[in-house]
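One chain is shown next in structure tokens, namely the form predicted alone.
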Amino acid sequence: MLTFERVDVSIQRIPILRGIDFAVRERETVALVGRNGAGKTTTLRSVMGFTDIVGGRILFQGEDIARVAPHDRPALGIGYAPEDRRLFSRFTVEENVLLPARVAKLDASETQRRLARIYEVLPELRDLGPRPAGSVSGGQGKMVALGRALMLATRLLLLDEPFQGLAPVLANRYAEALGRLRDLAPEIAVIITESNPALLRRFAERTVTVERGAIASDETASIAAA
């Protein structure tokens, strides 16, 4: 489904990714792990078109994604939840979740179908829906960001450090939501970045480790079997 072929990325002429080379299959959940600054976030941002690829290419469904403008990539079925959430504080929680549907010009029936699935995965968002997004806690904001990404993720979901800063109770609830997502929508491939791979052992089939912008290891089922 998603293939990195010797991808190099530089930011202000400083190399960040060096020959990134791995693939994610359909229906697969992959943990992309490594220390802070290893290149995990840059890898996800490159899928979304937010970096300049100076070497190699990224294929999605066999096509070079460079041919697709960044603002058109969500329409491919890719949902992205960045580490910093990026919620619109003056909008309600539900308006934040629905915003991608409006941008993608989904019709009303498809929007409601996807919203119903989001509420199955994240039932707390139904109660939070009328609240201004600026009033929710940081942990709740992570849930809102996940719901918003799920509005577009029909093929691939990218989650950047979703557990960072979460209290244990909220981390468990987030993990439970990911478990429900796997049950309800197993067709969606998921890439989750994380500094602590132990947090992902319940649902990641593969662990890809990034060190200094390069792939250090690619281990099948190492987390799931731990």
Partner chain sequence: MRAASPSGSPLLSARGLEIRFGGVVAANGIDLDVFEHENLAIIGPNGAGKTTFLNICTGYLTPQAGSVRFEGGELIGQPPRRITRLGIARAFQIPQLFTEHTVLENMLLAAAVRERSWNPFRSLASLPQRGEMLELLDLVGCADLHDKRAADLPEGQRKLVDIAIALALKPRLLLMDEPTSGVASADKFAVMEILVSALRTAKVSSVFVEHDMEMVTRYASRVAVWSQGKIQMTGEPTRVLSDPDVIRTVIGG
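All values reported here derive from a predicted model rather than from experimental measurement. Positions refer to the first chain, counted from 1.
Below: the form predicted in complex with the partner chain, not depicted.
The listed set A185, L170, L178, I53 contains one residue whose heavy atoms approach the partner chain in the predicted complex to within 4.5 Å, identified as L170.
Annotated contact segment (heavy atom within 4.5 Å of the partner chain in the predicted complex): 161-169, selected among 161-169, 60-68, 24-32, 185-193. Taking non-hydrogen atoms only, G139 approaches the partner chain to within 4.5 angstroms in the predicted complex. Looking at R113, you'd find every heavy atom of it more than 4.5 angstroms from the partner chain in the predicted complex.
The partner chain is not shown here, but in the predicted complex it comes within 4.5 Å of a heavy atom of E83. Although the partner is absent here, R126 sits far enough away that none of its heavy atoms falls within 4.5 Å of the partner chain in the predicted complex. Although the partner chain is not shown here, in the predicted complex the stretch 118-132 places heavy atoms of just one residue, R131, within 4.5 Å of it.
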